[in-house]
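Listed next as structure tokens is one chain, alone, in the form predicted alone.
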């Protein structure tokens, strides 16, 4: 039963990574990277590594996401297309 959950989480994980890579908007990229971190934390927990999943959720999803969003809003945006 666990392998179905792991495969589903892995598919969503790849989709979030591709969305982050292909996004032109920085805020969308940061949000999708945060979703990527939370999905990887869920995948760790589903595989039995609860401590690693908790650490990934706190550091990778929470702290890094907040720091990236604060950094985006504190910088100016210029368009160089």
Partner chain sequence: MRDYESDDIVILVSRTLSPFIMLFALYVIFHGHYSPGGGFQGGTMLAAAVILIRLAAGMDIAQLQFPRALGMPLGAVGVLIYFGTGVAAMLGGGSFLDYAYLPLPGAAAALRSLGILFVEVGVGLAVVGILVSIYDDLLESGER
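Remember, it's a predicted structure, so these values are computed and weren't measured experimentally. Positions refer to the first chain, counted from 1.
Only in words, not in the display: the form predicted together with its partner chain, which the text now covers.
Q: Does any part of residue 74 reach within 4.5 Å of its partner chain in the model of the complex? Heavy atoms only, please.
A: Contact with its partner chain, yes.
Q: Can you check whether residue 14 is within 4.5 Å of its partner chain in the model of the complex, heavy atom basis?
A: Taking the distances in the model of the complex, the answer for residue 14 is no, it never comes within 4.5 Å of its partner chain.
Q: Any chance residue 28 has a heavy atom within 4.5 Å of its partner chain in the model of the complex?
A: No.
Q: My question is simply whether residue 59 lines the interface with its partner chain in the model of the complex - judged by any non-hydrogen atom within 4.5 Å.
A: Residue 59: contacts its partner chain in the model of the complex.
Q: Can you name the residues of 46-70 that have a heavy atom within 4.5 Å of its partner chain in the model of the complex?
A: Heavy-atom contacts to its partner chain in the model of the complex: 50, 51, 54, 55, 58, 59, 63, 66, 67, 70.
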